[in-house]
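Quick heads-up: it's one chain on its own, the form predicted on its own, in structure tokens.
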Amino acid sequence: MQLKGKRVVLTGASGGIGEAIVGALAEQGAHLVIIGRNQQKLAQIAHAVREMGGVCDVVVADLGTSEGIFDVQQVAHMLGHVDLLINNAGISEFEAFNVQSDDAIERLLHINLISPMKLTKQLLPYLKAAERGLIVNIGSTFGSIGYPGFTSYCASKFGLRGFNEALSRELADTNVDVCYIAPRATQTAINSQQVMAMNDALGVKTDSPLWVAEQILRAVQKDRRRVYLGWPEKFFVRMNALFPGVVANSIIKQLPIIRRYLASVPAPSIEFKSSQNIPR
């Protein structure tokens, strides 16, 4: 897909990978609709795009609510059609499953899986109204490999990958394509200090948001439909699909280190609180 003049709806635009995607799309001349909960940050991002001579509309919305999804739909209605929807908003939590609050589990599943599904459903008529529409779902390596300390997050991303696969087949005879892109660990605020320290201890490589955004843009431009970022993570994804026991044994050997960092996570509060939708 060539992006000049294309109408792009991007969720989770107010930080991390989302902000990097905005810059990459603006350079290509896309008409941007950026969505998030941090009004001040979104305004700053939009101002930067306009300073470049680009077009950028802002929707301050909580996609965990029906009202937030409706607000985005109204903007799509005013545009008339949407060429590209990028479901990028997401949250994570590093915590042992047995102590994770019910609110935390529900919030993870809602933001990472249910909200993208609902938003995609509402915007499908506008994607079909385009000459050619494209839906990009930003997943995770943990959407293919279950990992200790991220049980609920993995469940949400496994679900997103399944949603992407089924929807792509359902829409195969329409003008709307569906793409799944799975980054590995990325240097964004979604990772707590404990997670970053654990990654260092385990020798886990991390990518910059700018690099990840470039790969997402390249996948869109080259019409790729399934992309896993990072080596050896993409190899482990294949291994886990074919020989899950081998990958499981490798991860189980890491458990002492994982448990050490899980033990350093502060005890959860009664009410689960999340900041803005933070993309990976």
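Note that the structure is predicted; figures quoted are calculated from it, not measured. Quick note: we count residues from 1 along the sequence shown, nothing fancier.
Here the subject shifts to the form predicted in complex with a small molecule, a form of this protein not shown in this document.
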{"query": "Contact stretch among 95-103, 125-133, 185-193, 75-83 - heavy atom within 4.5 Å of the small molecule in the predicted bound form", "finding": "185-193"}
{"query": "Exercise: Arg37 in contact with the small molecule in the predicted bound form, heavy atom 4.5 Å", "finding": "yes"}
{"query": "The small molecule contact at Val9 in the predicted bound form, heavy atom, 4.5 Å", "finding": "no"}
{"query": "Tyr153: touches the small molecule in the predicted bound form, heavy atom cutoff 4.5 angstroms", "finding": "yes"}
{"query": "Contact flag, Gly230 vs the small molecule in the predicted bound form, heavy atom cut 4.5 Å", "finding": "no"}
